[in-house]
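The chain below stands alone, shown as structure tokens; this is the form predicted on its own.
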């Protein structure tokens, strides 16, 4: 359950950028290849931020699909599995999305 450590890292980033201001929503992008279960991540968030200045904040997870661009045929394809192969059969592909794990934005409470 690496979601706990991921949430701890996210909380550190959020606290640094919020600079003591109350946070309502934390929006993150998580790529398909990160092998993170969004529901587990949101549950872990509640555990990690309990009894901290971030308690009560909501973690919104945006799933980023796995997309490759085929260097042989030029097509971009969204894949369901981590087998990096174009539907044309070529494995000469470039990963264009799916590895993301980033804090997209913070929504702060109006003072």
Partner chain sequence: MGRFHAHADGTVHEHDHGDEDHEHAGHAHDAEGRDVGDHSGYTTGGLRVEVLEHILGENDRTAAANRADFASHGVRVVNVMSSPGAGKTALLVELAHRLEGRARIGVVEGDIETALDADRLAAAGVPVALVNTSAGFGGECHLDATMVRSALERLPLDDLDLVLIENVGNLVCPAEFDVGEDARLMVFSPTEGEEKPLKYPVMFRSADLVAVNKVDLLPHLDVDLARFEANLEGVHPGAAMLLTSAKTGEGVDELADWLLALLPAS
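Note that the coordinates shown come from a computational prediction; the quantities given were computed from them, not determined experimentally. Positions refer to the first chain, counted from 1.
Keep in mind the form predicted in complex with the partner chain is missing from the figure; the text below concerns it.
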### Query
Taking heavy atoms and a 4.5 Å cut-off, does residue 46 contact the partner chain in the predicted bound form?
no
### Task
Examine residue 88 and determine whether its closest non-hydrogen atom to the partner chain in the predicted bound form is within 4.5 angstroms.
no
### Query
Taking the shortest heavy atom distance, is residue 75 within 4.5 Å of the partner chain in the predicted bound form?
no
#### Entry: Exercise: residue 33 in contact with the partner chain in the predicted bound form, heavy atom 4.5 Å
yes
### Task
Check each residue of 60 to 89 against the partner chain in the predicted bound form and list those with a heavy atom within 4.5 Å, in sequence order.
60, 62, 82, 83, 84
